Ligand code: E4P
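The data below hold one chain only, encoded as structure tokens and taken in the form predicted alone.
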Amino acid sequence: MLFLLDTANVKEIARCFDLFPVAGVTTNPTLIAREKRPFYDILTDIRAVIGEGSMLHVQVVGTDAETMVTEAKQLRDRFGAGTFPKIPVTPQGLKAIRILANSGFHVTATAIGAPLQALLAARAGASFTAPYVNRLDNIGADGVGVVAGIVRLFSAYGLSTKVLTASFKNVQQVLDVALAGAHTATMAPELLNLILHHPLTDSGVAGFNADWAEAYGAGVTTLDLASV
């Protein structure tokens, strides 16, 4: 499963790309607006941090297919072939997905709440479908179950469209969609940090360091002992 960052905060993106095996960034209008900076400045800075080879998923805001398509083309022209326009799964959105896919675009169908929506988006030509896991849980639905259903449908019909899971509040949700076969998970930087946290890891490393320091001295590394 690929890991993506769901944020428009450039400092956090730079920090996480330095530390983690992150394949790209997803944004949405809410995340962009939260930064309180010019839209294109934010995306320019993100692309500069992640490089041309990483995915950048950017949501359009038009409500008709023609506007969505025009937005998508402008975004790719400015930010490169690794830019994936995010299109909501509305009737006009499906029309836009089909037009863009036929023009060679890699499109992410977003705001998905049900497996059949994802299937329609895949048939329209979407490269990724983005179901909202925690938002489904919040209304009493089964977010992980929806993801599992999409994975089964794509497998049953031999579709190459990938499942890009989004909207997480805890690590268990990420693990559950991974076990369900999701291809990608996008999450906030703070949740990505939590994936590595485990008390046994922390205590194990602390124990190793204490034993080493007792034998060789605090702050000494193998580099210091190479000439001994």
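Everything numeric in this text was worked out from a predicted model, so none of it was measured. Residue positions are given as counts along the sequence shown, with the first one as 1.
A second form of this protein, the form predicted in complex with this ligand, is not displayed here; the remarks below concern that form.
At 4.5 Å between heavy atoms, is F84 in contact with this ligand in the predicted bound form? Outside the cut-off, so no.
With a 4.5 Å heavy atom cut-off, would you call N28 a contact of this ligand in the predicted bound form? Within the cut-off, so yes.
Is T44 one of the residues lying within 4.5 Å of this ligand in the predicted bound form, judged by heavy atom distances? It does not: once this ligand is placed as it appears in the predicted bound form, T44 has no heavy atom within 4.5 Å of it.
Would Y132 count as touching this ligand in the predicted bound form under a 4.5 Å heavy atom rule? Yes, contact at 4.5 Å.
Taking this ligand in the predicted bound form as the reference, which of S167, N193, T67, S54 has a non-hydrogen atom within 4.5 Å? If I apply the 4.5 Å criterion carefully, the residue I get is S167.
Stretch in contact in the predicted bound form with this ligand, which is absent here, among 28-36, 44-52, 171-179, 198-206 (heavy atoms within 4.5 Å): In short, 28-36.
Let me know which residues along 182-200 have a heavy atom within 4.5 Å of this ligand in the predicted bound form, or say none if there are none. Heavy-atom contacts to this ligand in the predicted bound form: only T186.
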